[in-house]
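Shown next as structure tokens: one chain only, the form predicted alone.
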Amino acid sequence: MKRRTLIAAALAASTVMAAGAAVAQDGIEIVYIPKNTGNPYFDSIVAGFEDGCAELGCTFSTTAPATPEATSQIPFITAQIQRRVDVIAISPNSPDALNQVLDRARDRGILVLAVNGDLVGNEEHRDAGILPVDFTKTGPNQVELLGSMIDYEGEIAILSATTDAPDQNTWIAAMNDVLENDPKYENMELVATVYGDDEPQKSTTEAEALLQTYPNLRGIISPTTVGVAAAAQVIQSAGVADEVELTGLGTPNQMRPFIKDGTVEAFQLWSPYNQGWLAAHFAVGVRNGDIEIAPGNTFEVPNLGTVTIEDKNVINTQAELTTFTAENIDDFDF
């Protein structure tokens, strides 16, 4: 637990310690359903849940579909309803395809938490959303980071995950808005938005196609850990790091080789571990009756300090994105 706790502390928005952690009552059982199996990003969220439940005395397990289609999580949610678990935490693959099954879970008294991504436009079908940061900042921050690398001029492209991914689509909409309406970016032209479906091979193929289709491409934003790693490998193999800048959302352990050899100058993320850690403490607090879910209410989380419930019951794990560069990447291990 020592290494994970250090990671949590390093990326926490605050390091104020709570006076004492709650203890789960009546054997609270939490199940986390990530988007799909085989994505190391979600392993860090799982680690946060595991450590949280180890401290709090709750029972934790995780299960997920093999692929991140819009409806692939439905049978997994249904199975947990039948098991009568206490809490379902889910990183949704769609903003609306899960509405009915999540309503059934809540009707059975199950606490439903969206983690890492939200049911954008359909927030009433879950109890709260545990998000990494204020997602309205993510898209503009990614545009600004890439813009600073290319002197705010030239053709750029976006390599996303699936077409239905609610978090990705929220960020991309904000990217388009800032590119169209902020004069600072008037000389940056978005020429393509493509989708790698969070699969390494398809993401690689899409990145290769971008380089071939747009010979004057100056930069790529890939706001997905699978996509940004695949694009980095493509740029490295093609030997075009001096011509095409890449940024996005990635984990330090995935991206370290590309930072070290100069393929990537900088990328961003947050602490996925802290999302699991926070969600475990929040879930236990709610089930114990210690936390009331209402905008404006606050609660304490060890290593994270005072956390506030925002509008639409959104809870942001940290205040700002963390930017990783050659200067700081070795400070992180996840």
Partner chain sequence: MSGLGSFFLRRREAGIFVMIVIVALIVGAIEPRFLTLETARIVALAIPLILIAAMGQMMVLVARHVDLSIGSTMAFSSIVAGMMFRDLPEVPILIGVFVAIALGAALGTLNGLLVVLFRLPSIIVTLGTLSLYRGLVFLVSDARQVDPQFIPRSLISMSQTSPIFDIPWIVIIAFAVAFATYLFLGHTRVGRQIYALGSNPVAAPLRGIKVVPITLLVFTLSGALAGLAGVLYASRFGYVNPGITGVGFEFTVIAAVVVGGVSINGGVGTVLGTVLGVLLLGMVSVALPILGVSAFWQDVFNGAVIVAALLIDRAVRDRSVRALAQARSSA
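In this text the structure is predicted, and so the values were computed from the model without any measurement. Numbering follows the first chain given and starts at 1.
Separately, the form predicted together with its partner chain exists; it is not shown, and the next lines address it.
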property	result
4.5 Å heavy atom contact, Ser237 and its partner chain in the predicted complex	yes
In the predicted complex, Glu243 touching its partner chain (heavy atom, 4.5 Å)	no
Exercise: Asp43 in contact with its partner chain in the predicted complex, heavy atom 4.5 Å	yes
In the predicted complex, Ile150 touching its partner chain (heavy atom, 4.5 Å)	no
The unique member of Ile156, Val226, Leu131, Ile88 whose heavy atoms fall within 4.5 Å of its partner chain in the predicted complex	Val226
Residue (of Thr37, Thr306, Asn297, Asn288) lying close to its partner chain in the predicted complex, criterion heavy atoms within 4.5 Å	Thr37
Contact stretch among 133 to 141, 179 to 187, 193 to 201, 110 to 118 - heavy atom within 4.5 Å of its partner chain in the predicted complex	193 to 201
Residues from 204 to 226 in contact with its partner chain (non-hydrogen atom within 4.5 Å) in the predicted complex	Thr204, Thr205, Glu206, Glu208, Ala209, Gln212, Thr213, Val226
